[in-house]
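Below you will find one chain, with nothing else, as structure tokens; this is the form predicted alone, and questions on how it binds or moves follow later.
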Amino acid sequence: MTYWVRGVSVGLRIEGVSYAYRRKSVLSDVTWTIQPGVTGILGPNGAGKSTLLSLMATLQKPSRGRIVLGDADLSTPSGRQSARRVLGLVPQRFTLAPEMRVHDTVAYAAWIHGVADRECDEAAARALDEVGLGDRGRDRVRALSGGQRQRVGLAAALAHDPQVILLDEPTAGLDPGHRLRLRERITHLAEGRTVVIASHLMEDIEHLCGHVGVLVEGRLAFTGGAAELHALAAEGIGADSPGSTFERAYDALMARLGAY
């Protein structure tokens, strides 16, 4: 039996995880410990970022290996059921009913995640406040901008007060202003939680994440902080090259691994 303590951060352990789809290897022997705070997953298209996130979210099961959230083993039915109580997921693509009111949308998400009927309204109000939409609860979803809809999706994932939040390309398609505001919200939400972000946007990872994992062809090629990435990939980075130091370090690492 797994017991969760509200407000206590939990981490993830990925132990020798491999995953194949129709006999094609997508992930191969990934081992990684993810601590509370904000962790980013980077890698070229097709590297396995979204697949790894879906395994963490219990949407799929590894072909080999296991993922442990706190002390819940996600390779077992009871472990997956227990972990879902403390997991919140914002997938890369999600659909909101345009005619529903914002508050009702998030309250329904709370109910789906097991929040008691009498507590769903309060849970929705709290989650909308967390993402800065507390004053838009009575609006129809169709009246919101793209950035606001993205925040409604985030509120829906937060409605049951999860300790682990998984975000797949959370700022994709947003203009720079909305992207900045959503990043600010994610930074706020990470206090006391474990947040994992899969993104191809270097700027998001650089500004949000204390730790980074780099996937290349389904293998974990690097784990560490931004400073460690800089040190690992420092050779061959020209001071006059375009992009931030973080971007240049990542590019140098990709070139060294033959990913480009």
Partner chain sequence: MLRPIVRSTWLPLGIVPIAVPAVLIAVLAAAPGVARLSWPHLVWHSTAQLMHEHLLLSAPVAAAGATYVATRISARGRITSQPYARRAGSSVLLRTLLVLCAAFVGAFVVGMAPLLVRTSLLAENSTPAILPMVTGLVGMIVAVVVGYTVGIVVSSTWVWPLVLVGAFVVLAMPAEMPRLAAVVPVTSWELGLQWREATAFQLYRLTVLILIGLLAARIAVRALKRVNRWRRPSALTALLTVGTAAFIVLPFQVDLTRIEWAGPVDGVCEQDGQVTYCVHPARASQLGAMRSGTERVLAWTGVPDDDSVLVVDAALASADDDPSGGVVWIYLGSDVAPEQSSTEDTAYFMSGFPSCEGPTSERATIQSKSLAHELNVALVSVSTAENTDDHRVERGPFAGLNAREFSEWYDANAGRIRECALSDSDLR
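Residue numbers count along the first chain shown, from 1. Keep in mind that this is a model prediction, so the values were computed, not measured.
There is another form of the same protein, the form predicted together with the partner chain; it is not shown, and what comes next is about it.
- Only one listed stretch (168-176, 128-136, 184-192, 86-94) carries heavy atoms within 4.5 Å of the partner chain in the model of the complex, and that stretch is 86-94.
- Highlighted residues S199, H211 and V214: none comes within 4.5 Å of the partner chain in the model of the complex, counting any heavy atom.
- Checking V38, V30, V26, A57 for any heavy atom within 4.5 Å of the partner chain in the model of the complex turns up a single hit: A57.
- Proximity of L180 to the partner chain in the model of the complex falls outside the 4.5 Å heavy atom cutoff.
- The partner chain in the model of the complex is approached by Y19, whose closest heavy atom lies within 4.5 angstroms of it.
- Proximity of D121 to the partner chain in the model of the complex falls within the 4.5 Å heavy atom cutoff.
- Residue contact with the partner chain in the model of the complex: L144 places no heavy atom within 4.5 Å of it.
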